[in-house]
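Shown here is one chain on its own, the form predicted alone, set out as structure tokens.
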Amino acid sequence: MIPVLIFLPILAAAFVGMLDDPRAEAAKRTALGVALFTLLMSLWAYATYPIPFGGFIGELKFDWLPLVGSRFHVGFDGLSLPFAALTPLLTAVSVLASWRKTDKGFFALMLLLQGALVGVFAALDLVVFFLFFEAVLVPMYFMIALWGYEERRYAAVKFLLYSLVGSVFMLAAIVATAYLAAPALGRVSFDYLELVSATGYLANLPAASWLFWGFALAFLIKLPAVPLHTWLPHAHTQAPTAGSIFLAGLLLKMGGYGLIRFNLALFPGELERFANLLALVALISIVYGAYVTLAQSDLKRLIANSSVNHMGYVLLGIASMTAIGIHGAVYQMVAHGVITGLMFLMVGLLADRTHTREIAAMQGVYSAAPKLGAVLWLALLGGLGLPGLAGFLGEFQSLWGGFLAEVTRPYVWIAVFGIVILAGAMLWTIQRVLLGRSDSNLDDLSPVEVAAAAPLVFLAVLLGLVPAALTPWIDAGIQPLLTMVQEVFK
């Protein structure tokens, strides 16, 4: 199943690219069909995952670069499955949101992104992970550079340069980790599970801190954490709607996922050593992200900066190294993918109708387009962490985990102000954009646009009211990691 989830979208992208399809009618139907088919497959894997087992399922392993010790090794566990299911869902949403586009290349890039992203979350070999991690950059770069707004090329280049800088450090760390762990394993291996078995050996290496930061820098850029975040507002603001959905919903999650999967699992001692610094970065991201959100006049840029705040909670939960903190970090990432994806979807549709992203030029959207206004209203409330919607539980658990850990507890008290500030920014946005009377007539959501928004609205409410739809899978993914970490510290 996993190779199908990875390579079917990639093959479909090649097929779409070769179509004689000037209006992209076949391209968009192919992209939607592949996204829905792979969504059903991933949901089946999610629903049938043996939660008490708590290991990897669907593993596929074979030699493909034996000279360097790398094998093509993929598999899913409770940590990766939620993101593997979210990826085709957001692809389908993005296709529906872009239904009026007539460029087949645009839909081919979405399929490439989907396959590469699933590869990132499924990879259990560090070389395979790195290749998929880099493969994500190519379609996203072209999506922004070719179909973005007026400053699209600057935003695309900045996104690419930041990502490549982080990737250089991560590649060096990957190679060094594999070769330095060779005495413990008896051979050079890039296999994640084999390297995890050598965590105790890696912890005693003089270069452990350098290896830790080689991985961490790449993931903190992708998260993004202040001060490595400056690519994000430009990329989000200039990207087309589908690009913003992919960026917010999935690409940022590569950062948090990588910190848990690799930094926590391979270098838990270094994570504990630098927990204070990471918590400080998280606090700055939370408060700074909230303040900058409050100051924005561009609606897309406002939502982009709110992501800096939200990802700060993810980093704080990870830095706490507590079960509930890391659980909250994963829950927050999934919830953020749903809610912020919904916000960018609605803002993109609104910008297409008003031909502006300036908040000052918008008013009374709810009265002019009730369905669009109602969904945007719900998304903005989810963005401020309203109880009953998905965003609340992740933030609460991350803060609670931070409070339980002595090293991160002082930062939690200040981080609470970030919640208040962001709530004010979102409520003020609701007042300026949705309330009042509109001077223009706006087309309300079409049936296709309703179909795009409906699953995200459903998940925003479901994950806010029924956490059991997600928490057992997260627990099954992080508990084995934490058990292993405890063995290292004994």
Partner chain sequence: MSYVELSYWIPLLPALGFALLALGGRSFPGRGSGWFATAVMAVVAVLSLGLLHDVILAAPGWNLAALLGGHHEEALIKPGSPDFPFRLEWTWLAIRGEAGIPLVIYIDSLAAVVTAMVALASLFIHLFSIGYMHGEERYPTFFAYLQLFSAAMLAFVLAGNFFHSLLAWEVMGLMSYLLIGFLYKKKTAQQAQKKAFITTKLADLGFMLGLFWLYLLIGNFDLADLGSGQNLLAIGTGAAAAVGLLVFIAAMGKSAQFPLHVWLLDAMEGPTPVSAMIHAATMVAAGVYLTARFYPLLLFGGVLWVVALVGALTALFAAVLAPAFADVKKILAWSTVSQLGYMFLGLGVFGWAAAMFHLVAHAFFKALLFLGSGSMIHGAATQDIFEMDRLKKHMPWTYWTFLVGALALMGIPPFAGFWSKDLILHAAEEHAPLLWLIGLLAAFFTAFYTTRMIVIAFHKPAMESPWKAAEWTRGAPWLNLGPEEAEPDPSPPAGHHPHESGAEMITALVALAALSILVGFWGSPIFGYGLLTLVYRGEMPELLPASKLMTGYVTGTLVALAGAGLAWFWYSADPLKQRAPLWLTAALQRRLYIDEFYYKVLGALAQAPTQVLAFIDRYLIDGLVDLAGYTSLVISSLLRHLQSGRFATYAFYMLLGALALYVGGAR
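This structure is a prediction, so every number in the text was calculated from the model and none was measured. Numbering follows the first chain given and starts at 1.
The discussion below concerns the form predicted together with the partner chain, not included here.
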item	value
Proximity to the partner chain in the model of the complex, single hit among Trp213, Tyr288, Phe274, Trp99 (heavy atom within 4.5 Å)	Tyr288
Option touching the partner chain, based on a heavy atom within 4.5 Å in the model of the complex, out of Lys300, His73, Arg261, His327	His327
Stretch in contact, per heavy atom within 4.5 angstroms of the partner chain in the model of the complex, of 343-351, 74-82, 384-392, 240-248	384-392
The partner chain contact at Ser307 in the model of the complex, heavy atom, 4.5 Å	no
4.5 Å heavy atom contact, Thr230 and the partner chain in the model of the complex	yes
Arg409: touches the partner chain in the model of the complex, heavy atom cutoff 4.5 angstroms	yes
is_contact(Leu195, the partner chain) in the model of the complex, heavy atom dist at most 4.5 Å	no
Contact set, 402-427 vs the partner chain in the model of the complex - heavy atom within 4.5 angstroms	Phe403, Leu404, Arg409, Val412, Trp413, Val416, Phe417, Ile419, Val420, Ala423, Gly424, Leu427
